[in-house]
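Take a look at this single chain in structure tokens; it is the form predicted alone.
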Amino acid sequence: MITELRPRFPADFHFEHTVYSHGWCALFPFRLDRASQTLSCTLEDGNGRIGTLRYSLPSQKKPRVALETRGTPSSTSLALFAARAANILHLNLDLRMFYARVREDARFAWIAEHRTGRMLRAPTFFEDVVKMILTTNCSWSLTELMNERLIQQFGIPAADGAVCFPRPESIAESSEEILRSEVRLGYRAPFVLELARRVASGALDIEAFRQADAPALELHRALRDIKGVGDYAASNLLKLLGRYDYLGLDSWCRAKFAELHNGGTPVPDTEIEGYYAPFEEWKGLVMWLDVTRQWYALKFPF
């Protein structure tokens, strides 16, 4: 059954710039059809029912969100799917103050003009955290492979043949040996296993991070308390929570900054920090948009 969902889109929402904001759209269970400009995601509603969300942009009009399920979902299930559909696009994020700030700087006024800054998120923060751990100290192609193998090993199949991201319980019941030998997560195996077990047992309420209003410093510390989440991962996970106080630098960002602002010659992190410091609590977002600016000049940046 296909059901039309009608989330409330902010006036400043930009479909493509959200979908292509970073690499999540290239990681299963997201599936991207560039030709039709359709993003699909198979997921659970949080109560055990499986469905597939399809986001599309018909004729450059208001985005369309459709839910495909086996049978007729209950009103409760529909509400849960609708909430997750909005969370994936981070529709409750208010960027008006951010846009007002960047308009004051000629170098970055383009950010507001092109309505960039909203970042694609996984249906759950657990999935965001696992995927971020899989990006550490490796190439993007390896991240894709590890994520795909994790889903193949533990994911939940849907009616259309797609597979949901694994439940914490599914990974928790496994072992470090399987995560190393079958999924080939390398040194990340014990970190993903411990995270899954803490979440599955209730020792860690990972989804509470999305509702937390604590200072960014406290959230950063709490994220770093998760084994396998260092400064880079914690800083970038904060971006997915709508908090941009940290840059979250990696080798690619450092190289891109050097290319854009120092003729290709590397600079210390302190210099990069200083460059974006005037933007204070927005500096991490400005940095990310600065180093990925070329993506927004292309229709399909990946």
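From a predicted model like this one, the values you see are computed outputs, not experimental measurements. One rule holds for the numbers: they count along the sequence shown, beginning at 1.
The protein also exists as the form predicted in complex with the DNA; that form is not presented, and the subsequent description refers to it.
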query: Asp250: touches the DNA in the predicted bound form, heavy atom cutoff 4.5 angstroms; finding: yes
query: Contact of Phe98 with the DNA in the predicted bound form (heavy atom, 4.5 Å); finding: no
query: Distance check, Pro215 to the DNA in the predicted bound form, heavy atom within 4.5 Å; finding: no
query: Partner proximity in the predicted bound form: Arg198 to the DNA, non-hydrogen atom cutoff 4.5 Å; finding: no
query: Every residue of Thr76, Pro123 and Arg167 near the DNA in the predicted bound form, heavy atom within 4.5 Å; finding: no
query: Among the candidates Ala208, Ala159, Leu145, Ala83, the residue which, in the predicted bound form, approaches the DNA to within 4.5 Å (heavy atoms); finding: Leu145
query: Interface residue in the predicted bound form among Arg103, Arg221, His114, Arg149, criterion: non-hydrogen atom within 4.5 angstroms of the DNA; finding: Arg149
query: Per-stretch contact check against the DNA in the predicted bound form, the hit in 151 to 159, 177 to 185, 104 to 112, 89 to 97 (non-hydrogen atom, 4.5 angstroms); finding: 177 to 185
query: Neighbours of the DNA in the predicted bound form among 118 to 153 [non-hydrogen atom within 4.5 angstroms]; finding: Thr135, Thr136, Asn137, Cys138, Ser139, Trp140, Ser141, Leu142, Leu145, Arg149
